[in-house]
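In the block that follows, a single chain appears as structure tokens, in the form predicted on its own.
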Amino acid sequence: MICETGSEPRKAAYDRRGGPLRTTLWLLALTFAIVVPLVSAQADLRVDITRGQVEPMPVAISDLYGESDDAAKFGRRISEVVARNLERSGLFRPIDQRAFIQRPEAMLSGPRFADWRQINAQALVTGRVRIMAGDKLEVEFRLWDIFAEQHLVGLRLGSASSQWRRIAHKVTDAIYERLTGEVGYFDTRIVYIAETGPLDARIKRLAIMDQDGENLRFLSDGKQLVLTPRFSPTAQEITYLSYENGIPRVVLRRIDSGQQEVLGNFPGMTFAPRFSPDGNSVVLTYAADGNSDLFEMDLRSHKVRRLTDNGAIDTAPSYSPDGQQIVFESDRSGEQQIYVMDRQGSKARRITFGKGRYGTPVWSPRGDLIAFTKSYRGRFSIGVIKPEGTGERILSQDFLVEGPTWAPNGRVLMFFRQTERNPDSSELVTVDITGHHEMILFTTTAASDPAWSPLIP
């Protein structure tokens, strides 16, 4: 368990039978942690993330001090990952370490604030790494307000040395939260479709990686077509569309063991699955005889409940964070638009009325926005709209942009993009909900259909 100073431990996750979930090996859960008994400063050093385009805050991220060469190596690696994470958010500008005056070992008793003001740093990250018995690391970090000359937050974390990257992401989350007031999103993973080969013989494999593109692992061999993977709320399962044996079916898979099962015995095609917020149900699309409707399956009893029943094409469902409503796309009005209905399938109401076709709606984890894809006059857009149908905003446009997915804090979206200059390939892109800080996430192959995990337990 990881605790920040002054915070409450997260509640344990429970499986569908009511028992506590065991931490699985693929999650690389940290094995021990000690809270640093430090009091946050009263100064309010903050990045205003509500104003859209802001000047990135200059931060100095020192290598974490280590007495031995091995400890110093881990200290450098951790600080490098923290710096890259913060820079990629678009809200922070790590200062080149060649400008640093004070060395890591000199800061064990505290920083000389005048040295850091001289290079215009507003915040400073310091710390140390110890190698413990049993190939374990103990990592301590502290965040300082340079102009107020006060300590802001600190953590002491422990793990096996192989898990040092997760420590770096945890540190970044703590820094991000203290300086923005928003929960971080760096200790997360992305599952997506890795694409290789020519367009007329495309090989598509399930792939999973850290949110920064590291620790890539393939979950399927490409022998069957796979599409639209989605994480469960526990981040231990995914559901996706598989064409095994040429039959399109929604599949549930445990990431650690590879165990999987087909959801439902439908005679036609099932696709576009999404987990409910409690992880106990999946909503999906069932197509038969040229029509498609929405169904919900209880994963404990395997009982199936029909949600829509009409001659229109209803698909791409997504639950609200409280699980009480479902957003979906439908052509029941004569054109592809977005609707919201109660979870029972009643009181459907249209929320998009702009020019073009709207699809792939995804409810924000915060509940305040719904992301969507829009197509108009041969151009595609990623946008957001409020659940009541007001405040539509376009965040990104290109030759083809599709498949929005939310970071767990609801501040950042990821999607995949094809450009007119390179229509045979696709890349993963992140953008802030203000429409700024657009970043490409490097992948080893063409990539599509991303899904962002919750924070890893």
Partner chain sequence: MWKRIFGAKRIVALAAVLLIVAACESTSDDSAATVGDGDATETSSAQTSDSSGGGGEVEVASVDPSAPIPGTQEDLVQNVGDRVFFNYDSAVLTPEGRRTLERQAEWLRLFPEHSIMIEGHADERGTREYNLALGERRATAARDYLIAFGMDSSRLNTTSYGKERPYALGHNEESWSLNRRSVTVVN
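Note that the structure is a prediction, hence the values are computed from the model and not measured. Residue numbers count along the first chain shown, from 1.
Just so it is clear, the following notes concern the form predicted in complex with its partner chain, a form of the same protein that is not shown.
The partner is absent here; in the model of the complex, the one residue of 110, 367, 248, 233 having a heavy atom within 4.5 Å of its partner chain is 248. 360 is the sole member of 122, 211, 260, 360 with a non-hydrogen atom within 4.5 Å of its partner chain in the model of the complex.
Every member of the trio 204, 291 and 423 reaches its partner chain in the model of the complex with some non-hydrogen atom inside 4.5 Å. Just one listed stretch, out of 330-338, 84-92, 99-107, 179-187, contacts its partner chain in the model of the complex at the 4.5 Å heavy atom level, and that stretch is 330-338. Using a 4.5 angstroms threshold between heavy atoms, residue 243 counts as touching its partner chain in the model of the complex. With a 4.5 Å cutoff on heavy atoms, residue 315 counts as touching its partner chain in the model of the complex. Its partner chain is not shown here, but in the model of the complex it comes within 4.5 Å of a heavy atom of residue 225. Shown alone here, residue 134 lies farther than 4.5 Å from its partner chain in the model of the complex, counting heavy atoms only. Residues of 69-83 placing a heavy atom within 4.5 Å of its partner chain in the model of the complex: none.
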